[in-house]
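Single chain ahead, by itself, as structure tokens, in the form predicted on its own.
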Amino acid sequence: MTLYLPRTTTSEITEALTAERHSIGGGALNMVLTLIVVTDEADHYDAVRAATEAGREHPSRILALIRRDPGAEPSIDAEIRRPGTSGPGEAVLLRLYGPLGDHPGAVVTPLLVPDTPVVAWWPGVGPQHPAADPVGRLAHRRITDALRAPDPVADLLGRIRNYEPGDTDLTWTRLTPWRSLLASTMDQPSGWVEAAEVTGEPDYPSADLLAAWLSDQLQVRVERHTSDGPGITGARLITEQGDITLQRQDGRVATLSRFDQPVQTVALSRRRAPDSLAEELRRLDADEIYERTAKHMAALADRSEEPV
């Protein structure tokens, strides 16, 4: 069931949530976090759907902040989707009119689930300094997605330079299958890795992050090459004994070849937003590997811009 509250207040929304909770015998008491989704009218459907799907693993109160006409009188239109409609948690869509859109933190604070962690997610273009954002200041974890920016690599680099513990980006989360497969190849004897290569679409920040991760972990030079995609299409480790190559051309299946073994076919699908979001919601502490990799990527970018 969905409850509509036009031209409402946070007090009325809180009362409605309490009434809904009592009608089903608990509700919010079983929620593990509050997920704040900062989006717009064009993207809110996909964003809320992804958050709802991730919420099946992490029961949450989802608060979607949707800014509407900045020139209108200040008001809130609320849409409350009770558990069962929106998965095991609750979903509240808040359309903010007028100057209320400039103060989302004040609007959302009374609606946070008491004594539970807060995660903020910007599925579109996010702030350059998430921890200083009005919503970001409320959150233990702050999730952005540089891929949605006009210049994704520059967007990610700018945010890295403002990094604070708790920040992460879905361009990093999309790399988990690649990192897992590449790490597993090193479980078998192969000799020292002398260099590496990463190939992917131009201006695709996940490829740059993968190159930075390999460079930082292996302490070797990693060349970044471009392809027509989709996404990342290949990675190669150049070892003393021969090459280890992981190639994916269709965004679904990859081939893994080693110098001493037959070619293997492995599943390596491009990750959906709900899967990446669910992974990030599994941890509420700072991701130190992301921090280290991201800062290494920024250092490599700064070094490449130095005059010769």
Partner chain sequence: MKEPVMPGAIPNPLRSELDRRLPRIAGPSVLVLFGVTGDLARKKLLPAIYDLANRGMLPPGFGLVGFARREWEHQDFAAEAQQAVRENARTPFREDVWKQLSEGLRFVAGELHDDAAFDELARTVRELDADRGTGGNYAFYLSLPPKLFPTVVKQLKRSNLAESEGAAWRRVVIEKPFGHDLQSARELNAVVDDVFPPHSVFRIDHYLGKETVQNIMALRFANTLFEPLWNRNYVDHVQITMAEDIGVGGRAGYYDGIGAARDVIQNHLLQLLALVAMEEPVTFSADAIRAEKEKVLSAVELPDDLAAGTARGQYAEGWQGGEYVPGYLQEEGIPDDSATETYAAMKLGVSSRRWAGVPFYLRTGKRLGRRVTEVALVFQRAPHQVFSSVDVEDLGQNALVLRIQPDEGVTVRFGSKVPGASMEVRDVTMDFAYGQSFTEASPEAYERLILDVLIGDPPLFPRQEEVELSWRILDPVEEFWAKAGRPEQYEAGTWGPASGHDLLSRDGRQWRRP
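Numbering follows the first chain given and starts at 1. Just so you know, these numbers come straight off a predicted model, no measurement behind them.
The protein also exists as the form predicted in complex with the partner chain; that form is not presented, and the subsequent description refers to it.
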*Only one of 125-133, 92-100, 201-209, 175-183 gets a heavy atom within 4.5 Å of the partner chain in the predicted bound form; which is it?*
175-183
_Position in contact with the partner chain when the complex is considered in the predicted bound form, options P189, G71, P150, P114, heavy atoms within 4.5 Å_ = P189
_Any non-hydrogen atom of L214 within 4.5 angstroms of the partner chain in the predicted bound form_ = yes
*Look up in the predicted bound form whether A50 has a non-hydrogen atom within 4.5 angstroms of the partner chain, and give yes or no.*
no
*Flag T233 as yes or no: does it have a non-hydrogen atom within 4.5 angstroms of any non-hydrogen atom of the partner chain in the predicted bound form?*
no
*asked:* Is it the case that A19, even though its partner is missing from this view, gets within 4.5 Å of the partner chain in the predicted bound form, heavy atoms only?
replied: no
*Neighbours of the partner chain in the predicted bound form among 260-276 [non-hydrogen atom within 4.5 angstroms]*: Q261, P262, Q264, T265, V266, A267, S269
